[in-house]
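What follows is one chain in structure tokens, specifically the form predicted on its own.
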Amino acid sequence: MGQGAALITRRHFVGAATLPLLGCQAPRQIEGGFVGVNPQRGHLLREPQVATQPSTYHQTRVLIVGAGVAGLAAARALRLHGMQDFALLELEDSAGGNSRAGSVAGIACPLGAHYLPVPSDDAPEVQDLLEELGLRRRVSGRWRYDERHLCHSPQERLFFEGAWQEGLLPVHGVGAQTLAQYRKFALLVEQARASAKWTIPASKSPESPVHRALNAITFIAYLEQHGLSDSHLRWYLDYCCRDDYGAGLSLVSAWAGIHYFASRHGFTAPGAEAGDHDGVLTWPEGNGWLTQRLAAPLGERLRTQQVVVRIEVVKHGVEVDAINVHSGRLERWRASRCIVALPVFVAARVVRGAPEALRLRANNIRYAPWLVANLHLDTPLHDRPGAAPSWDNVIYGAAGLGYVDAQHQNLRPVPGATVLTCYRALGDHPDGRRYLQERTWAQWRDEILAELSTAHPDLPGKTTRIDITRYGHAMAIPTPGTEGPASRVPQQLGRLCFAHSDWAGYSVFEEAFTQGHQAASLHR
């Protein structure tokens, strides 16, 4: 997955341990708790709003509601166009949405999204952002990305059949039939790439019969149609879907399953000549590195701890009512225009007289709950044989999605304390949100430690703290009929404009950022 000049190579020990510890030693006391998201604030939207006279009034020209990636992108675009008379309201204590950062024992780590693929020319708005931040520059007429921020090698490994292997596709010891199915799927991806355009953002792809046909069925149905039944291939494709979309083969559309590969680097079967893979930008704090820099210039225009309960177009503009969490009082904002950068299900609840497109979209979206656990380790872990410790480390067959090492980009010669960030997507769970919220921190702690101990038997003895972030509606799942190039963001609807990755049907930085930038262009 390298990009540009040779990447810096680094080896060190990371890992996890059994639970309980072996022998007569008592299990280590591990601290921690739930952090990062306050579900009680969001639940205020469920309560009927009693007519209350606002305690405070504010006036601004453009009001942005929601400070996730789309809202921050809209704010940046307004600033770049010379517009300074705007404000941005955010529910949580900090901006960034699913791309926020945290820290454990002084080590920065992600609370959600943890990388950004090097964007293609289909995402010029994102390219411009990276150039502004000094990550992208021209060298001898060619674009180069700062190696310090490109993911260092080794990037990925899989714990499979008791050992680590390079890459995430199971290859060691698999049979000829499995390899044949890998080659067949690679051919299908190339045929799809040749027959239609695949882009990120998806809205840059002209709608085609290929897209429509794939968008009508699930990915598992597509695999059945083509006789792709190999368990190793299906595990890998299911992992990819859960990792990117929050749910597996049986829920996501075939469009989403193919888009995962066709929009970027394709699918390379073992033994085939690999093309140039896209580089990946990553930081200890994940994509929080980006959102922190997008939020920094906003100053007092960014208002956090604001629970927006009403957005309504009135005679001479837009009125927005928000509960100020700090004071507990209702405040009213009046603006000429409003950019609604909220998840679709929230927007449909708070926008009075919601347009038909918004209500239909809200009724059709299924959301994936997510859990993000950050484990602080005070000493390096011993590693099993095989591939070297990597940035992304996955356990074959596990319920979770593995872990990334927050210190992977660190060039220290001697390994030390680190934070491992583990991910669990619950979009396939029949009652995922309730399951996520009702399980105690101790139950999640024990489950995470037990799962990672499969590959790292010493993890519990070296873990000092586990902080867990829960997202009840983390991302829209691209189910059949709800995503792809056919799903266009509503353009300006009177004084309102909508921008959120939900309108693309799946949650990636490029989609949200481009939508926010475009929404601001309509409101200059």
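Just so you know, these numbers come straight off a predicted model, no measurement behind them. Residue numbers here begin at 1 and follow the sequence given.
Although it is not shown, the form predicted in complex with a small molecule is what the next lines describe.
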item	value
In the predicted bound form, Ser390 touching the small molecule (heavy atom, 4.5 Å)	no
The small molecule contact at Ala192 in the predicted bound form, heavy atom, 4.5 Å	no
Any non-hydrogen atom of Pro170 within 4.5 angstroms of the small molecule in the predicted bound form	no
Residue contact check: Leu330 to the small molecule in the predicted bound form, 4.5 Å heavy atom	no
Glu156, Cys241 and Leu426 each touching the small molecule in the predicted bound form (heavy atom, 4.5 Å)	no
Residue stretch of 162 to 170, 75 to 83, 367 to 375, 232 to 240 approaching the small molecule in the predicted bound form, non-hydrogen atom distance within 4.5 Å	367 to 375
Answer option from Trp143, Trp441, Tyr435, Tyr115, heavy atom within 4.5 Å of the small molecule in the predicted bound form	Tyr115
Contact assignment for the small molecule in the predicted bound form, among Val126, Leu91, Val351, Val104, heavy atom within 4.5 Å	Leu91
